[in-house]
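The chain below stands alone and is given in structure tokens; this is the form predicted on its own.
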């Protein structure tokens, strides 16, 4: 079987997760990678055996040996690259959020539809084992009719101050709130019709990073279910993981609770302190990338090779963006927003 040529645009922290998969999947040829940071992209190319590297994504998209491309750039830089990729006839794996406006999502979907290429938005929590098990329980009727949910997905302050150089150009609602919205849409199999959200900008703004510290959001679904979502990125760096993730779903017949960050499945204590190392996200096992974060990427590879549609589509990306835009409007106006 001929290998499928993949390109990667954006080789930073999450881009490296993509590289771990592409460089170890026997069906994939890592044809070319791109990043505006020349030193980084050269380093990644050498480490992961990329066929070539460039600092101009247009050069990557012009290559005949690239059939599919992953776009792993900051939240607000997706539209231009994704539209160009579709126009170049490349299948697209687009990191979340799909884009930071409804118009940008619609432009991407239009370009994808016109070109007839595949598009997947990488909402990888749909491949996260605790959540796939929860989804099976929902579909089996074990919980009855879902009534409410509480979801807390937050980051430590290291993320906006140390990991992301562009935090002030985004918000925690876009960065991880988009995951929260998509996961709840998937669980409820329903759309959000009303949003009310409150945010505050004190801690990070005082550090010169002009972005909200947190959002507390109520989502009302068309079927009557209600969810509370908490997203912040000012948790203490003393926390044993870089994120906290807890979910509770309550149905008419039962409920489910998931703790993905404080479960203590593995604990490590050294002179530098205590941590809970990643064992389900994207760990390496005998030189092979595993875990839900790479399974979503592997799913896209499967879809390209087997010519089938991804489980997460541009319609899902657009729906999540509509909700985040409504959250922004609610924070700005102090009022609930109808969708």
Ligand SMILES: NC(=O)c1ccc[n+]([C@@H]2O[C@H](COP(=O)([O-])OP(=O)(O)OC[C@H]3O[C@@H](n4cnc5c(N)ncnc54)[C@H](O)[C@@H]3O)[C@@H](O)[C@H]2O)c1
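Numbering follows the first chain given and starts at 1. All figures in this text were calculated on a predicted structure; none of them were measured in a lab.
From this point on, the text means the form predicted in complex with the named molecule, which you will not see here.
No member of the trio 84, 108 and 117 reaches the named molecule in the predicted complex with any non-hydrogen atom inside 4.5 Å. Using a 4.5 angstroms limit between non-hydrogen atoms, residue 280 is distant from the named molecule in the predicted complex. Among heavy atoms of residue 213, none comes within 4.5 Å of the named molecule in the predicted complex. Heavy atoms of residue 74 reach within 4.5 Å of the named molecule in the predicted complex, making it an interface residue. In the predicted complex, the named molecule sits beyond 4.5 Å of every heavy atom of residue 43. With the partner omitted here, the residue from 324, 9, 331, 21 that has a non-hydrogen atom within 4.5 angstroms of the named molecule in the predicted complex is 9. Just one of 246, 179, 79, 185 comes within 4.5 Å of the named molecule in the predicted complex, counting any heavy atom, and that one is 179. Figure note: of the listed segments 133 to 141, 191 to 199, 235 to 243, 93 to 101, the one touching the named molecule in the predicted complex, with heavy atoms no more than 4.5 Å away, is 93 to 101.
Looking at 11 to 28, the residues that come within 4.5 Å of the named molecule in the predicted complex, counting any heavy atom, are 11, 12, 13, 14, 15.
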